[in-house]
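Consider the single chain below, provided in structure tokens and representing the form predicted alone.
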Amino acid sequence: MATTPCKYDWPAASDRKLIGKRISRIDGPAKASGRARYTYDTNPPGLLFGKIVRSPYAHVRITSIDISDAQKVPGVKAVRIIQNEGTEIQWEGDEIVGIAATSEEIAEDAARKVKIEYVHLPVFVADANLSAADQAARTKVTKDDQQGDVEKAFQDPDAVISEGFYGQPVICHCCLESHGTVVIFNDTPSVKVWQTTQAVSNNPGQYAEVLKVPASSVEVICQNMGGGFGSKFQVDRWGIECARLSHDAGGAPVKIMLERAAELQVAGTRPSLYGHIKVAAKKDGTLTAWQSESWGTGGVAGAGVPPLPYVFTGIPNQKIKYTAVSTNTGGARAWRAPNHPQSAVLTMGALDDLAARLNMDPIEFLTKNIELAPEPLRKYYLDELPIARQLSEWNKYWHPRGQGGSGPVKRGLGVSVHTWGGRGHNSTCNVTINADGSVEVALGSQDLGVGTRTVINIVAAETLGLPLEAVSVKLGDSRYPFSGASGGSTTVGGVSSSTRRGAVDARDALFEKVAPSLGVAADQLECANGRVQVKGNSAKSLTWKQACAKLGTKPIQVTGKNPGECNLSSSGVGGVQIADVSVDTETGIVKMNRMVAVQDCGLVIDLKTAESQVFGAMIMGITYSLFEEKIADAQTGKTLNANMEAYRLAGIGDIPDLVVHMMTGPGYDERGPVGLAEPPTVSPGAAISNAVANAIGVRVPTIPLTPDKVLAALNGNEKGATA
């Protein structure tokens, strides 16, 4: 049954001049030239520099604090005790004292003069291998479910069974721009905050609640930011203390930017996940049973329950147990597709090992079991898997496990599938058309560096039949209309939908003003090529400026909202990734040859920035698959690699040929924009791990796939999958 057209619907493909094209980011020149201003670049007159005295220990109780010597240092304007005597500190780097001074050097000198004494308490950070005592004292079972008859399925004499251990450690967000704020807090009350944040509209309320001021007195600004990945939603304790230091210093502005060590210690992590997996299939490859006992940590509070089994949720017989582990480490925060990358490593690794036991091509194995994935993902995967096969030259380079070549360097391919939600968030925007022809879209969203400004610009310009440069986009300030936080890959769907509705209403209001001059009803007009014209008749038209001049002294200003009339955004995407690797069996070094991503996200607003999102996700995935791990000393809990020398990231030489194919056209476009940032970060760990297993013939059970782990697996010293 056909749906009734709605005036807010997205334009048909044949009518799109901008949507879906390759368009460079409108803020690209400012960023490339260094003109773009970040929180660090904000230096109001009279600026003071904040410094936090942090706990050097992972688990202690504070017994005394003496700040008197710090207060006497010339140039120190404020000193605050953040956590008092008697407080139990649960992780290294926790905030204890805040200082504001006229220079960074003075603040650091004063920090060294703070005297704190502690009683040391037992430390626990080792989450990969849990002893019985650890399990009793530091864990909590948060899921223990069963459906069907798992034991019967495993005892079937025709069942082919694979068992294995899989996992990945805690990693850090490692944002290029560290967390930070500049705050001016006076007695008016007025709180003005420049913050590196993913939640411009949300954060005034957070400041107001803690500082006990009206939310209307708080303004949060973030014009540009250098990465958040889910770690920059909160105002954070250092943000609140920055405000309090400003107040204590008589309303002088105070800046606190986290040093790299603090960034890696306390600014958020992605939880670990380890698990023993047992999975069975019929001899024809049909999955019949899944059993997993998994655990992981996100700090003292543990971590959320991972979605196991991942994607293939319809396996008929399942037994699932998950245990949250409490460790004395900095807490977890959302990290692009929370819990999905970890779940993909465990699930796709186990399924790949089972496919090897069955002597099946992994793509054929996944395709055979695609009915166990929920709708509508099945269709997406069936569309995407053949494309990924072709782009990766799977038929040429894939081989049965362990047949990667005769020399010491072995080549292998691995595949993984993934999913995510991504429905557009709540968003409100004001669209203004002025009598001089200028157009402005304003909303309290934020651009994390991925092209949000550009997407808004495209939608407004497309709707009004204007070139991009005719539309001004204002965001990054909480004084603008509320728009949701940039999390869950919900931003593009939210802001594009609110902008579309607002621009359509503004356009229609302009038509009402112009219609008498053109001698037709307003509903007979259209915007095209910088003109307002009778539909299909460019000869009977006004230029955009001539049309806007009809407004006189009163501009058009309308508000667009999401959600609203008509469903302009939907939820649920699927993606496929294939990794092509070479492994040197003498050194254990894994080298990426190529990586292919086939991804859908509904209607693509800007193909260039969409592909860029996937490129970035693949680079991030290669980094966490081969290098990243937050390492803590088991005895003291101290982070051993809280710097950019020892916290390894991929360099340009580690990144291979990246191939991205976006699914567009019928079956995809009509869904409207769906979230894209997170899904392509999910599969790299699983795909690369599977490619290494295909190359060398044995499973390296945990990522990152460092040379020592590869060599240990080759020598039989790492316990991976078993028959």
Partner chain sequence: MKRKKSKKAQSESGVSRRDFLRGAGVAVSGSILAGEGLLHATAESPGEVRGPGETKIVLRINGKAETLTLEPRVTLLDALRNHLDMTGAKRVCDRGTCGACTVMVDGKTAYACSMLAIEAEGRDITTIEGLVPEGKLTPVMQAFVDNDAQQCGFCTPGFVMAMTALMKRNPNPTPAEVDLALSGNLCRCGTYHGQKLAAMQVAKGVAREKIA
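Being a predicted model, the structure only gives us computed values, none of them experimental. Positions refer to the first chain, counted from 1.
As for the form predicted together with the partner chain, it is not shown, yet the points below apply to it.
Among residues of the shown chain, Leu366 is not one whose heavy atoms approach the partner chain to within 4.5 Å in the model of the complex. Although the partner is absent from this view, Ser24 contacts the partner chain in the model of the complex, with a non-hydrogen atom inside 4.5 angstroms. Shown alone here, Gly519 lies farther than 4.5 Å from the partner chain in the model of the complex, counting heavy atoms only. Contact annotation for Asp66: none of its heavy atoms lies within 4.5 Å of the partner chain in the model of the complex. Taken together, the three residues Lys72, Ser190 and Asp248 all stay farther than 4.5 Å from the partner chain in the model of the complex, as judged by their closest heavy atom. Of the stretches 342 to 350, 170 to 178, 460 to 468, 125 to 133, only 170 to 178 has residues with a heavy atom within 4.5 Å of the partner chain in the model of the complex.
Scanning Gly407, Gly552, Gly86, Gly651 against the partner chain in the model of the complex with a 4.5 Å heavy atom cut-off leaves one residue, Gly651. For the residues Pro307, Pro563, Gly285, Gly226, the 4.5 Å heavy atom test against the partner chain in the model of the complex is passed only by Gly226. Annotation for 6 to 37: interface residues with the partner chain in the model of the complex are Ser24, Arg25, Gly28, Pro29, Lys31, Ala32, Ser33, Gly34, Arg35, Ala36, Arg37 [heavy atom within 4.5 Å].
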